[in-house]
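Below sits a lone chain in structure tokens, taken as the form predicted alone.
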């Protein structure tokens, strides 16, 4: 998978930019706050996913403008596509994110999932090990949404039922026939939630050998990593929902299901969340991200574009070298404050200043 060119209009602090990355390594350098991450984020939007920074759509539009446009020409082994993402603000006739591919209206931006694949590695991803379960669930869900567009529909249906059940639980004693309604919601939760758990577990199992090997390579065989999907309930989901009905009513929300699941990383038999050093955390996350990329290639036949947002400064020399070695002959777009980190590479270098992009070399 390659990004051949990108045009940006009114995106965050970028008024207009034309970006032609190298088919291999491209470096976006510049001081903090100049728009480097904004550019990387705009590339990520071509996957159909939301901002990897958790930003709302309205926040992606340049101040005092009504809309933003990101348009990229992407190529895989068998096709070239022009993907156009339009982001409309409150004053725009079309609000939110919508997409066109080769001029054909696709409706929601999420509908282009699978047309362009990418893996993003940002500093906040270093919390994957010690952060909340939500981040680890998001890691799996984001990968599955790129690989299998039908997963997006399944995930939405499940989360909609969770939201509706939670709203009912908060107003249980004010709602006629509330218990019957809870039964209906639980039936849907079982139907969608069981599929969600199975697909997550299958995906994690498929990339686990790569995760373990990556970590073994980084640690030179001195440490062993293991990883396991952890469900929020034992056994059958229907039985779990019935068993926790009173607890749910008391808590005012649904306490079990894939929206509460997690995965656990252990290093040398100890919980990484509790005991991993900073170096071990970085190695684990690096292993996860590289395995995610390999997993996409295994399914699609194309290696995804790697987006590395100022992560080299977070890694020591050995991990930097390992990452850059793994990125050889694969399109990678990297941001960095110091372009000197890439003196020994043949990368194409751009400079970003105040939202303005220009060739550095």
Ligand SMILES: Nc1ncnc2c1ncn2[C@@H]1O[C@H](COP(=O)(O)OP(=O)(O)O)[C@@H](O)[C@H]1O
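Positions refer to the first chain, counted from 1. Because the structure is predicted, anything quoted here is derived from the model rather than measured.
Heads up, the form predicted in complex with the named molecule isn't pictured, but that's what we're talking about next.
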Legend entry - Segment that reaches the named molecule in the predicted bound form - one of 55-63, 42-50, 317-325, 300-308, heavy atoms within 4.5 Å: 55-63
Legend entry - 4.5 angstroms heavy atom contact with the named molecule in the predicted bound form for residue 331: no
Legend entry - 4.5 angstroms heavy atom contact with the named molecule in the predicted bound form for residue 13: yes
Inset, instruction - Give a yes or no for residue 26: in the predicted bound form, does one of its heavy atoms lie within 4.5 Å of a heavy atom belonging to the named molecule? - result: no
Inset, instruction - Look up in the predicted bound form whether residue 295 has a non-hydrogen atom within 4.5 angstroms of the named molecule, and give yes or no. - result: no
Inset, instruction - Just give me the residues of 10-43, first to last, that have a heavy atom within 4.5 Å of the named molecule in the predicted bound form. - result: 12, 13, 31, 32, 33, 34, 35, 36, 37, 38
Legend entry - Distance trend in the predicted bound form - C-alpha atoms of residue 58 and residue 146, change of 3 Å or more: farther
Inset, instruction - Classify the change in Cα distance between residue 151 and residue 60 in the predicted bound form as closer or farther, relative to the shown form (magnitude of 3 Å or more). - result: farther
